[in-house]
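The chain below stands alone and is given as structure tokens, in the form predicted alone.
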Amino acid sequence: MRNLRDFRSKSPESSQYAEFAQRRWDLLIVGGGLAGGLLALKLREKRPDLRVLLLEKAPTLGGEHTWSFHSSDLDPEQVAWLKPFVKKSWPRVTVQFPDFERTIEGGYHSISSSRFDTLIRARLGQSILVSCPIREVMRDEVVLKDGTRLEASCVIDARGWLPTDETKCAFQKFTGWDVRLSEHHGLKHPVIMDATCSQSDGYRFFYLLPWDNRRVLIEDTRYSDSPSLVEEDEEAALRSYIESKGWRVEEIERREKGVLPIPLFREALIRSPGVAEPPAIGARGGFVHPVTGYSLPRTLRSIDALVENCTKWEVTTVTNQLIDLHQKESAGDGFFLLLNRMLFRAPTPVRRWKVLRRFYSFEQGLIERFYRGALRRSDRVRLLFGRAPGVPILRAFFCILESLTPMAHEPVKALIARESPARLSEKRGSV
């Protein structure tokens, strides 16, 4: 018996996508962001025999984003491969806290979405469809908004974060401006955390990337309990920070904003590809550092491994490959989830910065391994135990208990809720 889809037109007669619907594709990649674009490019370089089509609903690839990474996050060959996409590199970065400042040596690199769009378009040419709204994504077929049906041996979903259980998450949210200033800003290299600002709405810091003497990206970032972003308030906060630096803005050249879930429990992690959904990569597939929200290192490592090892580009093989890669990348994430709970649930919100200040006092090797997601056992011991100002012992114990006893999530949450500020001030200690 023929499948029902065989009796339906693959494309409305008037569709602008009719030409694409007449072809049988080896691979359809849905989502032209970081993950989708890099996967399509890798396949063009390594598997030019495959018929690959990249689909993006927006008119440009990459959205309005800036992706950054440390040289130590990746292998040297991977850093070199990304070099054409990098808008700016620096030899060091700085972190700033009310009572502490540190410069960390080592390459730091940033990719702009505009540069990403230009290069991917130039290299993929006619293998991209932009301004292409999508109605439905299946494992071997994509239905466009106008009813056009595109078929493939495999569909890979690269559309970014899936909605998740907000009760099991905290949030990293940011509002940023690329600005041109009237005078030299005085920054020599990036400030990846300026936490000398007022600590409102959780742990708050400003992120600064100096593109040249007068152009700089300024982002107001919060590690917050709430996903809400009030645009007027965020822009007012950016203006206030700029004024505090004595800078005068000539032009806001670009705006970006976003909200990323920070998982506190395994239930909130984006799951590896399942049997009912298309295989997924990038943030969609959970290839994201649970604490920092950085997606580029895990995404590129998974793409490299997939392209290198996948011998048959059909849905079952690709799904199994990505499940294995996800499990490998997330093997140590239980500890990172504990650190997230220690950050969001142990100290009061205005004291969260003290946890980050302590982290950046460790030696550079530990910091690098943390960002790469490759902590040693000794690193974990040092991060978990020792003097942590502002972290009450009882709350820290509750966070550890939740790791050992998953069934205790709700009882522990209730115990934490009963800890009033007055009682906490009496019991405050360190672990």
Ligand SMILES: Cc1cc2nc3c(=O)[nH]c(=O)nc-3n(C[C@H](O)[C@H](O)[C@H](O)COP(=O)(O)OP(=O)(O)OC[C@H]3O[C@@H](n4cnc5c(N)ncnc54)[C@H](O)[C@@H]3O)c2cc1C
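The structure presented is a predicted model; accordingly, all values stated were derived computationally and were not measured. The first residue of the shown sequence is 1; numbering continues from there.
There is another form of this protein, the form predicted in complex with this ligand, and it is not shown here; the text below is about that form.
**OP:** Spell out, yes or no, whether the shortest heavy atom distance between G33 and this ligand in the predicted complex is within 4.5 Å.
**Re:** Close contact exists here: in the predicted complex, G33 approaches this ligand to within 4.5 Å, heavy atoms only.
**OP:** Determine whether any heavy atom of P297 comes within 4.5 Å of a heavy atom of this ligand in the predicted complex, and answer yes or no.
**Re:** P297 belongs to the contact set for this ligand.
**OP:** Although this ligand is absent from this view, report whether L338 comes within 4.5 Å of it in the predicted complex, heavy atoms only.
**Re:** No - in the predicted complex, heavy atoms of L338 and this ligand never come within 4.5 Å of each other.
**OP:** Check whether P133 has any heavy atom within 4.5 Å of a heavy atom of this ligand in the predicted complex, and answer yes or no.
**Re:** Contact with this ligand, yes.
Subject >> Option touching this ligand, based on a heavy atom within 4.5 Å in the predicted complex, out of F97, F359, F174, F265 >> reply: Looking at the other structure, the residue within range turns out to be F174.
Original post:
Considering this ligand in the predicted complex, which of D324, E256, E235, E141 comes within 4.5 Å of it through any heavy atom?
Top reply: Among D324, E256, E235, E141, a heavy atom within 4.5 Å of this ligand in the predicted complex occurs only for E256.
Subject >> Among 98-106, 154-162, 238-246, 119-127, the region lying within 4.5 Å of this ligand in the predicted complex by heavy atom distance >> reply: Residues of 154-162 come within 4.5 Å of the partner.
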